[in-house]
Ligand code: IPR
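What follows is a single chain, given as structure tokens, in the form predicted alone.
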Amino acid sequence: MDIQRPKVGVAIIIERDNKILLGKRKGSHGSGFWAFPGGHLEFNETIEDCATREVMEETGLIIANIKKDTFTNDIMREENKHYITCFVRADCRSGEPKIMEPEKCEGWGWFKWNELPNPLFAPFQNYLREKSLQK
């Protein structure tokens, strides 16, 4: 019997000049939605190693000073997906993001927290709700 279980995602919040890095997803669930760089946590991989790998694979950027933020429970019934998303914050001191996986991302942009693009990916929406509850 195949038991369905949630998958673990890692989302990386990279801030620079009071802006955050977001990419417009494509070719996967959440296509057309804006999200932080991130991806699946691999077996035997630390969250920090996953964050470093995913940011490099998706943007070409090197990150440092990774710190845990919060997590969300993301049930996407319409897509029959369920994730626990671990959010981390990281520094990126230089360079500009490149579209390294054109089949997965339309483009990267820097946005102010109070000027976010729409629509936002479900885990990002849940992150914003979680953070507002913590205040």
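It should be emphasised that the depicted structure is a prediction, and the values quoted were computed from it without experimental measurement. All residue numbers refer to positions in the sequence shown, first residue = 1.
As for the form predicted in complex with the named molecule, it is not shown, yet the points below apply to it.
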Exercise. With the named molecule left out of view, which of 40, 67, 93, 98 would have a heavy atom within 4.5 Å of it in the predicted complex?
Worked result: 40
Exercise. With the cut-off set at 4.5 Å between non-hydrogen atoms, does residue 127 touch the named molecule in the predicted complex?
Worked result: no
Exercise. Should residue 83 be counted as a contact of the named molecule in the predicted complex, where contact means heavy atoms within 4.5 Å?
Worked result: yes
For this session: Would you please decide whether residue 28 lies within 4.5 angstroms of the named molecule in the predicted complex, comparing each non-hydrogen atom pair?
Result: yes
Exercise. Is there any non-hydrogen atom of residue 23 lying within 4.5 Å of the named molecule in the predicted complex?
Worked result: no
Problem set entry | Residues of stretch 104-125 in contact with the named molecule in the predicted complex (4.5 Å, non-hydrogen atom) | 104, 121, 123
